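Just one chain follows, in the form predicted alone, and it is written as structure tokens.
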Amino acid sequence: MSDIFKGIEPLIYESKINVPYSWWAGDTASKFFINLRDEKKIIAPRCGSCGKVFLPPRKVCPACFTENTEWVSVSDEGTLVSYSVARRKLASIPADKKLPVVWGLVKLDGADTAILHFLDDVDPGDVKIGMRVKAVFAEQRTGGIRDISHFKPVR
């Protein structure tokens, strides 16, 4: 650090700026979101070369570099492969979610990758890696990832 800054205290300003924006989801994500919204159905692209099924959907296989053009249905049930518990309000947590919030990586049956989403209808102390969970669809669907309201344990 230069001597020019010696004795100068850094000024920190904590802001609450909200910058709303929108973007085109692209062909691949759009197809996924439209099926969630209109059909309450989870679909994912499959690589024509290695056969892996990607959820969240990927346009190109990261291993084969082959464009994924085939779509398959994926189950709304799967296995929790990892999770984290948020005990304080973060900007990424919707206002309607009560603390603590459980984030989970869920590998749905029929997919080779896991999707990050909320877990609900479960006490955070009861969450375990390997537990079976099921998607709960939102009543009002708008064509976004929150069309899956959350995942809940399969009992």
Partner chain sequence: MDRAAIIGVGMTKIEANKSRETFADMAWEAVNKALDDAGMTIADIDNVVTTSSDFWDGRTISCMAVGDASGAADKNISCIEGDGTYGAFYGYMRALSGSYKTTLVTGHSKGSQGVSSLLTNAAFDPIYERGLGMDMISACAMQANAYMNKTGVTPEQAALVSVKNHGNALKNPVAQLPMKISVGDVMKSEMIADPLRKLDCSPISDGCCAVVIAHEAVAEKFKKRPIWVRGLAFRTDAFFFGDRDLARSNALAAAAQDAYKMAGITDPKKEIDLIELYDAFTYQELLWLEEMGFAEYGKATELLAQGQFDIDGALPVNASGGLMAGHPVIAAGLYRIAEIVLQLRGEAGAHQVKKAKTGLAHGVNGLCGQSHCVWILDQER
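Numbering follows the first chain given and starts at 1. So that the term is clear: the rigid core is the largest set of C-alpha atoms that superpose within 1.5 Å between two forms. Just so you know, these numbers come straight off a predicted model, no measurement behind them.
There is another form of the same protein, the form predicted in complex with the partner chain; it is not shown, and what comes next is about it.
Q.
I'd like to check something about R146: if you look in the predicted bound form, is any of its heavy atoms closer than or equal to 4.5 Å to a heavy atom of the partner chain?
A. Contact check for R146: yes, within 4.5 Å of the partner chain in the predicted bound form.
Q: State yes or no: in the predicted bound form, is some non-hydrogen atom of T28 no more than 4.5 angstroms from a non-hydrogen atom of the partner chain?
A: Yes.
Q. Closest heavy atom of P56 to the partner chain in the predicted bound form, within 4.5 Å or not?
A. Output for P56 is yes: heavy atoms within 4.5 Å of the partner chain.
Q.
Check K98 for me: does it contact the partner chain in the predicted bound form (non-hydrogen atoms, 4.5 angstroms)?
A. It does not: once the partner chain is placed as it appears in the predicted bound form, K98 has no heavy atom within 4.5 Å of it.
Q. Would the partner chain in the predicted bound form be within 4.5 angstroms of a non-hydrogen atom of every residue among S84, L105 and T113?
A. So, yes: the whole triplet contacts the partner chain.
Q: Residue by residue through 117-155, tell me which have a non-hydrogen atom within 4.5 angstroms of the partner chain in the predicted bound form.
A: Those in contact are H117, F118, I129, I145, R146.
(Q) Does A63 shift between the shown form and the other one by 2 angstroms or more at the C-alpha, the core having been superposed? (A) Superposed on the core, A63 moves its C-alpha less than 2 Å between the shown form and the other one.
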